[in-house]
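Next comes just one chain, in structure tokens: the form predicted alone.
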């Protein structure tokens, strides 16, 4: 995998889990990384742990105006942007009859609105660097299962937006791909992991026979960001150990 020295990478939801692992992986390859999130204390702790190549911008990407501010602060700090990783996400389990309007809106604002707004604001800078965008989707975007309609449909929107934007932004040299994790061992999957029956069912249906680790997803993000993947765009790479093939 190539060295990302002198590259600047922006990762939303970068304080924990997949985002943190992705930040660490890019830094190990020489990149400067900006992480974002809503909890400043978590960002401060993670940035300190990641070292001098890391910087944070606290903010809620689901709120109007925040994506533009975050991009502006990234450019002000480092002067360029090479990779945008839209990792921040949210969701909940339960039938549609039990999900409120506010919950549906919250899921779509974080999972769909925020990536689109960030991409829009980042486009001029990524065009300058001939950069890459990696959207974090989910295997749930392709699977059919009860109790995840708001989350899964929002991730299906991410997958389709990835294809559309690959066609639109390829004309100015920007590649757009997605990584679709299966069940991964992060804080956001605590409810599923604590349900032994559900956890056992998912692992039984995963050919690789285990949960994903954040580093598994980080490695997939780096692969797609690598210049040697320069002829790959518009794809959603399933990174779920074979779950829901």
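Just so you know, these numbers come straight off a predicted model, no measurement behind them. Numbering follows the first chain given and starts at 1.
Below, we refer to the form predicted together with a small molecule, which is not included among the displayed structures.
- Although the partner is absent from this view, residue 235 stays clear of the small molecule in the predicted complex, with no non-hydrogen atom inside 4.5 angstroms.
- Remark: residue 196 does not count among the residues lining the small molecule in the predicted complex, judged by a heavy atom distance of 4.5 Å or less.
- Taking non-hydrogen atoms only, residue 189 approaches the small molecule to within 4.5 angstroms in the predicted complex.
- Although the partner is absent here, residue 131 sits far enough away that none of its heavy atoms falls within 4.5 Å of the small molecule in the predicted complex.
- 62 is the sole member of 62, 53, 206, 219 with a non-hydrogen atom lying within 4.5 angstroms of the small molecule in the predicted complex.
- Screening 86 to 94, 164 to 172, 71 to 79, 121 to 129 for residues having heavy atoms within 4.5 Å of the small molecule in the predicted complex returns a single hit, 86 to 94.
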